[in-house]
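One chain comes next, on its own, written out as structure tokens in the form predicted alone.
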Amino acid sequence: MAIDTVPPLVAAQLNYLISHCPFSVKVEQMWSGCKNPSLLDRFTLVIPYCLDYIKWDVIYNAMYPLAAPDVIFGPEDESFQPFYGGNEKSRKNSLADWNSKDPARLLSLIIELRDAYIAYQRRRIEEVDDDRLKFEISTMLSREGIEMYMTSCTDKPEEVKFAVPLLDMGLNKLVAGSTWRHPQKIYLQVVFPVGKKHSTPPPPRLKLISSAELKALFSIEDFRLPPWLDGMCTAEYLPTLEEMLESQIKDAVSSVEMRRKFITALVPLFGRPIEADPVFCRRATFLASSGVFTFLVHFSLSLQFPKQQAGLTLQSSQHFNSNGMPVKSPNLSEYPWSPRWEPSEMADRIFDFLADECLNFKKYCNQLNQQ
């Protein structure tokens, strides 16, 4: 983003928005709307909503930098008019007393508009003539943070999507030293068809979705959703789901500690690692030698460790292939391993294995260079 070509007051507000927004907002494109094309005073914001994204254009005027911006919503939201009307609430908004010298003003505006959009989508869905949807909404009123969205495409039936946040257990605090900037979340996406009358309503489409950074701790893809029983509603489904999730996340946190103990057990044998993942302990690299032959030992530890054995790769520091890259071994898995062993025994067995395997690797490197 070329901040040097953005008017200073606009740049200050945009930088503050990106740095301080509680959700991960992004700038998709910037362009100029004035006679001086080098002044970029308009941009598209990509804003997360209901496990998808909405795009709003923010229109400043570089010739009048003290004026409040316009915001243009997507074509599918023509009826979204958050500040329309003459009531007191519509008059008291972030645009009414705009202060262009306050860098937090754009952030306040976007948060206010997004909150209004959540209420707008809920009103749309509550107006739908569908008893099942009305019941689903009424039984989930007590849960905070639920977002909903109604699709209305001409080429496919209407659907209502719910994004239900799960597990109020402070995921950011579970792993010591994590540098996650935004709160880590897990959501259940529930999708209901609209407008079709069924004697026995079909189950909704269900999908578990997490914030991307959480995958370093816990794999959503490996989690099996419990079955949706006939006649069930979302409020009945959630307790079992959350109980299963909480149990598996606690196991994932325990796995981090097990990986940490394993890497620590390698230190007396290999020395301190020259590179390691200090937070999730997913990888570590050690410098080793056999006579004059020096090589690196790369360990990669999966989320299923110790049920899944450590990945082990050797890399020569003295041999290079025709492309000038260091010679590496294939992944080595034929070493003694049991998930029931103590970390110290795991490390001892690997060290003994490598005492012989490094000679085979040295021979492999020499043969490769002779070809």
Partner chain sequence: MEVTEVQSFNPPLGGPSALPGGGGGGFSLPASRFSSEDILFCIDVGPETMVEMKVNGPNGRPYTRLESIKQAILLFVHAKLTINPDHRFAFTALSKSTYWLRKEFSSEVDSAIAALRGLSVDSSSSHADLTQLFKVATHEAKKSRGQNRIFRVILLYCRSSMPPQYQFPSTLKLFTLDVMYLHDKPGPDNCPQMVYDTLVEALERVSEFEGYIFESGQGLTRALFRHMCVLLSHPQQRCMQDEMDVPKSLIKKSPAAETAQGDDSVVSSQ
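We call the rigid core whatever largest set of C-alpha positions still superposes within 1.5 Å between the two forms. Residue numbers count along the first chain shown, from 1. Since we're looking at a predicted model, the values are computed, not measured.
The discussion below concerns the form predicted in complex with the partner chain, not included here.
In the predicted complex, the partner chain sits within 4.5 Å of a heavy atom belonging to Glu275. In the predicted complex, Lys328 approaches the partner chain with a heavy atom inside 4.5 Å. When the partner chain is considered in the predicted complex, Gly177 lines it closely, a heavy atom lying within 4.5 Å. Contact between Gln315 and the partner chain in the predicted complex is found at the 4.5 Å heavy atom cutoff. The single contact residue among Phe320, Tyr335, Tyr53, Trp31, judged by any heavy atom lying within 4.5 Å of the partner chain in the predicted complex, is Phe320. Of the residues Ser289, Ser247, Ser254, Ser79, just one reaches the partner chain in the predicted complex with a heavy atom at 4.5 Å or closer; this is Ser289.
Look at 160-168, 263-271, 225-233, 138-146: in the predicted complex, residues with non-hydrogen atoms within 4.5 angstroms of the partner chain sit in 263-271.
Interface residues of 282-309, taken as those with a heavy atom within 4.5 Å of the partner chain in the predicted complex (partner not displayed): Arg283, Thr285, Leu287, Ala288, Ser289, Val292, Thr294, Phe295, Leu296, His298, in sequence order.
When the rigid core is held fixed, the Cα atom of Ser38 travels less than 2 angstroms between the shown form and the other one. Fitting the two forms on the rigid core leaves the C-alpha of Pro278 displaced by at least 2 angstroms between the shown form and the other one.
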